[in-house]
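Okay, here we've got a single chain as structure tokens, the form predicted on its own, with questions on binding and movement later.
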Amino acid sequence: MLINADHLTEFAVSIFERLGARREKARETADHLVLSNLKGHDSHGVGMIPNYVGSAQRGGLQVNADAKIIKDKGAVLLVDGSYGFGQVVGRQATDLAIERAKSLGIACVGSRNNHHLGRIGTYAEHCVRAGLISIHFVNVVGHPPFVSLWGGRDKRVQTNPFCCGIPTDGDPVILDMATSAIALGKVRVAGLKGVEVPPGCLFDAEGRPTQDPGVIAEGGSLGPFGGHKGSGLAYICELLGGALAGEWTMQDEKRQGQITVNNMLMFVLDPDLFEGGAGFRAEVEGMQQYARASRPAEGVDHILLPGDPERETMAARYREGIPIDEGSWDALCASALKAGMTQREIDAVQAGLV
């Protein structure tokens, strides 16, 4: 089915308000999730809402919490998200980083104890709108791991995102990726759709490759992207986002429960820091033109740079609506009932189908 973005946003806001969230926090979280759907990252879109509802009702997600500075050393800040909506407390931590980077030229911010931050690219986009470069290392804790390191049979880390945003005079460069070969949410979506995942993404409990999303529930694991290279980057995210910023890594098995927590280490800097902002922007623009001038390989329409797929997908989904499979829609409606909405209210959302 295809759903209008505005109707889907209002539905998400209503669910979060029934959980007790204040309107502005419910709206910011809903906007973030629907934007993820619009940009083609359905794994980090409204399909996460059932997880959020369950977490809030178990006492994990604190729907009205705000980020708090717990250590301030000027260009270096440590911020605690207090298990609030990651979309809210993550943006608050990013605002602090932007403020310090504009004042001092560079900021290093550790943001710990955030409930699921959602699409990390959102925070990079926030920085580039302010004319700043940002780099983000993120780990995932709070529940058992799903990702095996290169050459290992056992699960040892999560999808640990890495992200980098670079401002330009036109469309910014946003590299946002999980360090696993596929995001866990995409495995969830594939399972709900009843389809296989691409080759090289999953392994069964014995370490054998498979395309069956059901193996995750049977002790299987996600693999790293790019073999040992993706595995190494996932490990670095665990050490910088987790050990340094969060003082919480996956090896602490006693803290593996039923909550999704992100710790993030971000570096935000002003491209004028080296008194060469104009030169930097000219080089970035020239490099973009140079890269896009490459002849496409067979079967490829045109060269895509980081951030291009999201922009193209968003334009199409604004026109046509956001596709949601039946299984994901049923799970979303069930979570709305669990949060306290009535069936009549849920049925009214059907008016948003296009």
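Don't overthink the numbering: it's just position in the shown sequence, from 1. The model shown is predicted, which means the values in this text are computed figures rather than measured ones.
From this point on, the text means the form predicted together with ligand NAD, which you will not see here.
J.: Wondering, does K186 line up within 4.5 Å of ligand NAD in the model of the complex on heavy atoms?
T.: Within the cut-off, so yes.
J.: Looking in the model of the complex, any heavy atom of G321 within 4.5 Å of ligand NAD?
T.: No.
J.: Taking any heavy atom pair closer than or equal to 4.5 Å as contact, tell me whether L175 reaches ligand NAD in the model of the complex.
T.: Taking the distances in the model of the complex, the answer for L175 is yes, it comes within 4.5 Å of ligand NAD.
J.: Does S134 make contact with ligand NAD in the model of the complex, using a 4.5 Å heavy atom cut-off?
T.: Flag for S134 set to no.
J.: Check for me whether ligand NAD, as it appears in the model of the complex, comes within 4.5 angstroms of all of K102, G165 and P271 - heavy atoms only.
T.: Not one of the three qualifies.
J.: Among 126 to 134, 277 to 285, 154 to 162, 201 to 209, mark the stretch whose residues have heavy atoms within 4.5 Å of ligand NAD in the model of the complex.
T.: Among the listed stretches, the partner-contacting one is 154 to 162.
J.: Looking at C237, A107, V140, A245, which is the one with a non-hydrogen atom within 4.5 Å of ligand NAD in the model of the complex?
T.: Going through each option in turn, the one that passes is V140.
J.: Going by ligand NAD in the model of the complex, which residues of 117 to 147 come within 4.5 Å of it through any heavy atom?
T.: L117, G118, R119, I120, G121, V140, in sequence order.
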